[in-house]
Ligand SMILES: C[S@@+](CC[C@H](N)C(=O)[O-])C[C@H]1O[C@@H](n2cnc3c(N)ncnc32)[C@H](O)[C@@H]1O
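In the form predicted alone, a lone chain appears below as structure tokens.
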Amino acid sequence: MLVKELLSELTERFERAGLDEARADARLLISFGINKQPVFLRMNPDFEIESDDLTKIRAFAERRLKREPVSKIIQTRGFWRLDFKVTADVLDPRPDSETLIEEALKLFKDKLAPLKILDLGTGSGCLAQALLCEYVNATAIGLDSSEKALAIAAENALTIGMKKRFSTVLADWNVDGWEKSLGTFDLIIANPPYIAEKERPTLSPEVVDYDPEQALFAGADGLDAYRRISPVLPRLLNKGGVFIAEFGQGQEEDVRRIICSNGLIFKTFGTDLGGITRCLSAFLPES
């Protein structure tokens, strides 16, 4: 079968199934199946797909029709100009989370500064490692309660050349007594779970069925993770150190109140590409 024929077939099947990015999804799965870049398909529509590859691609298509995200099928997601391995054990990085990196760049303008960074709930490691890409003398620790997630984060650090500057710690949100051994940090960044349990029925199957539950839901109001993180921040931040956290639409004032209830001072809100208030920054005062 030719590339153009399979692309047309899968696009039609995905469209009938109501998938929003039907042609793009088909293109990514085919290019992954034949081990080529997507641009190859555009330039070689008459390329003959071998039977073994065709079998693989059809299997990928069946998984997509069950609403498994393409990123989880091909185990790759682009984030901040880098490609990260993603599996069922980690949250699929979203473009909205790049807002946290943008806020950090506004607040820490010296890219040669030897920043010490802590990523709470690191998952794939995308936030910490994107920051390491920008701050060439920085070091980062990725903290997570999932050993499988930490293994993915460590693998990503090795793949993108950050192994010497990125390390992992197995611990929960409130650090469970780890703070003394962790030391203190110039920047703490976090994309904690912030979805209320009552919102579960509103989520797409791509999210609720294929992202880890512990990375999505945070109690009845979606704020439990911030309540657990907030008390430990003053012990983990250097004086003048900054905390940047993501939250859901409409949660900004609740999150600001919780984070600033333990001595941090609110600094800024950050908005995503859709104009939605997506993150906040707060700092530990010098005195």
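Quantities reported herein were computed from a predicted structural model and do not represent experimental measurements. Start at 1 and count along the sequence shown; that's the residue number.
Not pictured, yet referred to below: the form predicted together with the ligand.
Interface membership of Asp172, defined by any non-hydrogen atom within 4.5 Å of the ligand in the predicted bound form, is confirmed. In the predicted bound form, the ligand sits within 4.5 Å of a heavy atom of Arg228. Using a 4.5 angstroms limit between non-hydrogen atoms, Thr184 is distant from the ligand in the predicted bound form.
When the ligand is considered in the predicted bound form, Ser145 lines it closely, a heavy atom lying within 4.5 Å. Taking a 4.5 Å heavy atom cutoff to the ligand in the predicted bound form, the contact residue among Ile117, Ile101, Leu91, Ile152 is Leu91. Note that among 124-132, 160-168, 67-75, 197-205, the stretch whose heavy atoms approach the ligand to within 4.5 Å in the predicted bound form is 124-132.
For the stretch 202-237, the set of residues having any non-hydrogen atom within 4.5 angstroms of the ligand in the predicted bound form comprises Gln214, Ala215, Arg228, in sequence order.
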